[in-house]
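So this first bit is one chain, no partners, the form predicted alone, shown in structure tokens.
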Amino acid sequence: MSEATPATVAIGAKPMGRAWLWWGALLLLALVLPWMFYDWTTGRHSGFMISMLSQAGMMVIFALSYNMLMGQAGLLSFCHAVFFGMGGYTVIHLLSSIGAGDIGIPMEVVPLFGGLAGLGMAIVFGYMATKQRATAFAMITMGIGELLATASVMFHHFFGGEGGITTDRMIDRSLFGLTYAQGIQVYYLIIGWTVISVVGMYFLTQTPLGRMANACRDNFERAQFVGYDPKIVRFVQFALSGLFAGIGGGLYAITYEIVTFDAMAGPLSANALLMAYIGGTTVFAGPILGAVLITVLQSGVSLLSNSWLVYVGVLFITMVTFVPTGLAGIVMAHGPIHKAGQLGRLTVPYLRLLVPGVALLLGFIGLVELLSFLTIGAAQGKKLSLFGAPIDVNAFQPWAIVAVCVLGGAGWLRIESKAFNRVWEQVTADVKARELLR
């Protein structure tokens, strides 16, 4: 524990410097992005974009809350969707009660009650799960996830069975006089709570709890030697992650006005794992990148291809195999090189990687779509159009082109990767040498 972990370095460096400018720019982009797709002739926002951006905001909270366990505390959980779903179900029932006039709570405060529901559920199950760590902890959380997913189908009174619970978000209660009838109003509510949650989770990493969560992750025995109980640290971290996951679930209920058992099922927990790992668990902002990327793949690419899950799976395998630090880890690795003014030396090597990389990517997409069309599209009497051109799957030419792109691109990329690694090692060695001379 004498050396700072990557997560500590990433989130603790220059908290009042350029990092805040980037966060401010990101927030500004989130505020204006819906208006870039506004139809000024009809006076309407793009429903698809508002829905996708709203989902991205919820998933940012969800992914960051999951990274409180995986990235910050080193806990692999398979039940994180339980807290998300419980927050959603709680808010659904709360909205119905507010709409019926039983209680009076403004809409802007409602997501907090989803967070409290997630917190309560995390306290109950975290008391059991955090007594263990590593594989035992993962197995316990898997059992918890299956238990609650089954309960959400069995107990209809609260969960509504497979059909779920519906409500109406127009409860006529708002601190700002809003009706939340329009998706853009809900989107800005999500933005507000996303900012609150991100800031809250960031400052938690700067507290003694956040530091000790890192210490218990890296060496729990040494943490015990200095007087801390890793079980208590894991329990508190687990409970707080449930709080923020519940906030995300509450926003989900407000956005879609329905919550079903899918909001508590295993695939959603797996989604949290995908988003956190692909984005980068060692950097605070990593899960944000992962959440946005996975949301775009789910919402955007799924409209273009029925095989989008294949692309997500291959992306995950590729990241685990070749880039275990995630997308944010790649960016952070270039920081010292950029600071030393040596980033330009990597321009040509990256361009040399780009050509075979694009060839391999296009070949892989072509192969997946051809194989998918043979099994699904052909039976439905459809015609395949790939990259804007009609394709005859029974002809030899498209298969030959795909084979050349995949095999040729892979071989070429392998050669260029070795050349790039040599340049990278030389650049990093020069940067380290300059640092030693200072």
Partner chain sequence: MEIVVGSLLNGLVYGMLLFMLASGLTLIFSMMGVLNFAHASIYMLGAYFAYEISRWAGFVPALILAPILCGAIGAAIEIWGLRRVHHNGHIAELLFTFGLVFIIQRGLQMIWGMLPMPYRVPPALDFALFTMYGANFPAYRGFMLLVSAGMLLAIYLLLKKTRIGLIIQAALTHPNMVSALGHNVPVVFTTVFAGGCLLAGLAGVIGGNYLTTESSMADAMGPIVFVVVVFGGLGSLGGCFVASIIMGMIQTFAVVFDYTLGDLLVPLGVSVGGDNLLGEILTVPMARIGPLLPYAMMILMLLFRPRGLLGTRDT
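Source: prediction; values computed, not measured. Numbering follows the first chain given and starts at 1.
A second form of this protein, the form predicted in complex with its partner chain, is not displayed here; the remarks below concern that form.
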query: 4.5 angstroms heavy atom contact with its partner chain in the predicted bound form for I105; finding: no
query: 4.5 Å heavy atom contact, M70 to its partner chain in the predicted bound form; finding: yes
query: L147, heavy atom within 4.5 angstroms of its partner chain in the predicted bound form; finding: yes
query: Proximity of Q397 to its partner chain in the predicted bound form, heavy atoms at 4.5 Å; finding: no
query: Its partner chain in the predicted bound form reached by all of F203, W424 and V431, non-hydrogen atom within 4.5 Å; finding: no
query: Its partner chain in the predicted bound form: contacting segment from 318-326, 175-183, 337-345, 204-212, heavy atom within 4.5 Å; finding: 318-326
query: Listed residue (A100, V314, V199, V358) with a non-hydrogen atom within 4.5 angstroms of its partner chain in the predicted bound form; finding: V314
query: Contact residue in the predicted bound form, from G143, G120, G192, G164 (heavy atom within 4.5 Å of its partner chain); finding: G143
query: Stretch 129-161 - residues with a heavy atom within 4.5 Å of its partner chain in the predicted bound form; finding: K131, Q132, T135, A136, M139, I140, M142, G143, I144, E146, L147, T150, A151, M154, F155, H156, H157, F158
